[in-house]
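Consider the single chain below, provided in structure tokens and representing the form predicted on its own.
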Amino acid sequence: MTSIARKDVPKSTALAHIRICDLTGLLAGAGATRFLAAFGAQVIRVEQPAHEKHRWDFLRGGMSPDGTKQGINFGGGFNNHNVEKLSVTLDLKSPEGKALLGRLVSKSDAVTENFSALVMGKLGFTYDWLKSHNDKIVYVANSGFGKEGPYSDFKSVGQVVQPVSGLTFMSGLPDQQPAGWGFAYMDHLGAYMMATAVLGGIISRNRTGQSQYIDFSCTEAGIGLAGPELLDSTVNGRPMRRPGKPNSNSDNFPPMVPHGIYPAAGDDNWVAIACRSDGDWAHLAQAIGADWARDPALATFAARMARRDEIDRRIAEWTAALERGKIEAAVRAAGVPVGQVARPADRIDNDPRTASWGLWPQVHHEEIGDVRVEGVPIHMSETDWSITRGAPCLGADNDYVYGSLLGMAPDEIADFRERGVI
């Protein structure tokens, strides 16, 4: 399929048969249902009424784009993570609110949440309670450490999951402390895996007619990313942190020399270069053009591995004098894998490949106006994703969901709103 700029995209129908009662927040949960909403699922966010001061999704509020006022609908992260969704408000602690949630569950295919493990039980919304309202419901719970076990009552976010799962330990430079990421990587990965769990549960339900309870631990997902390193440590006795090792910019499975991130001319400019074979090295040596690189003593992998630090240092000296675009062009012309270390603006604003992919669609938000948001990094030829509706303002869909979907009369909705139930 040819990638083209995405304009006037029709609403996706891939998951249009699915309705989700969504209690998620932040990114690890909201990112999962965002993915499903982009493919047409009806995702109904259940949120606290406006009078509640403490929100479980603290990303919702923020400053208006012009910097003149703060409000509950201005959160940039929230508005990115919740495009194509609906919003209803509901006091989950009141008897009427609990009853309304039960009615919404009865009309849904799945219930999703990423509270800490004990919250749903304390509110009374156990799996058995959900099944009592819908005996075919798929319940997906996403937490840092799962619903059971010695750490189940601990709270976490992506920046906690990463070090606890061991990922931070694996990221760093030789003889330096573990670096980790300032970026909540596991929130993103956790969201993708949670979306997979929702779809897997629904497929199973559709085949068997049985409800499903899916307990998902973000920390266990992080540990799953460390498979080769865990094997190397337990089987070969080579831990990731040891004198002189590792350089997390280098590939150890399989090892390649050179393989790393090298400085380019200017402030904080970098390029990545990887030699997969002796042939790659010969071609890179020609691109470098220096006698040291063409030395026959470096022709084999074993010889280069023994002088890995020296080679990295010499390549860095070569790249540091050149503009990163020129390095990329020269090394690519030699047939060797290379790429600039891109800043966000490089890819988002200045790369024609990103524009042609349509990864940053523009949506309309009722209070903010037209804004650009993240798309989905895949395309389907027949039922592609669509993102055209901005994130919902708080409670924007109360009348539709409670009236059209649940059949409540307008005066009943008005009474519930006045009493703070919704």
Partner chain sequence: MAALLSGLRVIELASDRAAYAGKLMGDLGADVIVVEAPGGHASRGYGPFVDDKTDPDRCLWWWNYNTSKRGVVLDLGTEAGREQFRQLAASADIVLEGEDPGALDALGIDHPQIRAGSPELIWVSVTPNGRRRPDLHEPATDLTILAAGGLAWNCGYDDHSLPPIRPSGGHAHHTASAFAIMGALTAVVHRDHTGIGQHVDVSMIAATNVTTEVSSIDYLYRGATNQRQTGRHASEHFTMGIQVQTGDGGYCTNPLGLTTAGNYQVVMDWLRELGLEDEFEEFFFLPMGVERGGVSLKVLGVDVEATEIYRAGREALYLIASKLTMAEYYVQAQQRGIACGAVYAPDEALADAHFRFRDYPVEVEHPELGRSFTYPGLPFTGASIPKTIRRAPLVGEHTQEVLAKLAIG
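Numbering follows the first chain given and starts at 1. Each form is matched to the other, and the largest set of C-alpha atoms that superpose within 1.5 Å is called the rigid core. Only a predicted model underlies this, so the values are computations on that prediction, with no experimental measurement involved.
This next part talks about the form predicted together with the partner chain, which is not shown.
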Open item on the list: Quick one: 193, 230 and 253 and the partner chain in the model of the complex, is every residue within 4.5 Å by at least one heavy atom?
Closed with: yes
Open item on the list: Does any part of residue 97 reach within 4.5 Å of the partner chain in the model of the complex? Heavy atoms only, please.
Closed with: no
Task: residue 390, heavy atom within 4.5 angstroms of the partner chain in the model of the complex - done: no
TODO: Indicate whether residue 68 is a 4.5 Å heavy atom neighbour of the partner chain in the model of the complex.
DONE: no
Open item on the list: Test of understanding: in the model of the complex, would residue 305 fall inside 4.5 Å of the partner chain by heavy atoms?
Closed with: no
- [ ] Work out which of the listed stretches, 100-108, 306-314, 290-298, 236-244, brings a heavy atom within 4.5 angstroms of the partner chain in the model of the complex.
- [x] 236-244
- [ ] Counting non-hydrogen atoms within 4.5 angstroms of the partner chain in the model of the complex, say which of 132, 286, 176, 126 makes the cut.
- [x] 176
TODO: May I ask you to choose, among 121, 279, 325, 335, the residue with a heavy atom within 4.5 Å of the partner chain in the model of the complex?
DONE: 335
Task: Residues in 181-215 with any heavy atom within 4.5 Å of the partner chain in the model of the complex - done: 181, 182, 183, 184, 185, 188, 189, 192, 193, 195, 196, 197, 199, 200, 201, 202, 203, 204, 207, 210, 211, 212, 213, 214, 215
Open item on the list: When the rigid core is used for the superposition, does residue 66 move between the shown form and the other one (threshold: C-alpha shift of 2 Å or more)?
Closed with: yes
TODO: Note whether the distance between the C-alpha atoms of residue 311 and residue 236 decreases (closer) or increases (farther) in the model of the complex, against the displayed form; the change is 3 Å or more.
DONE: farther
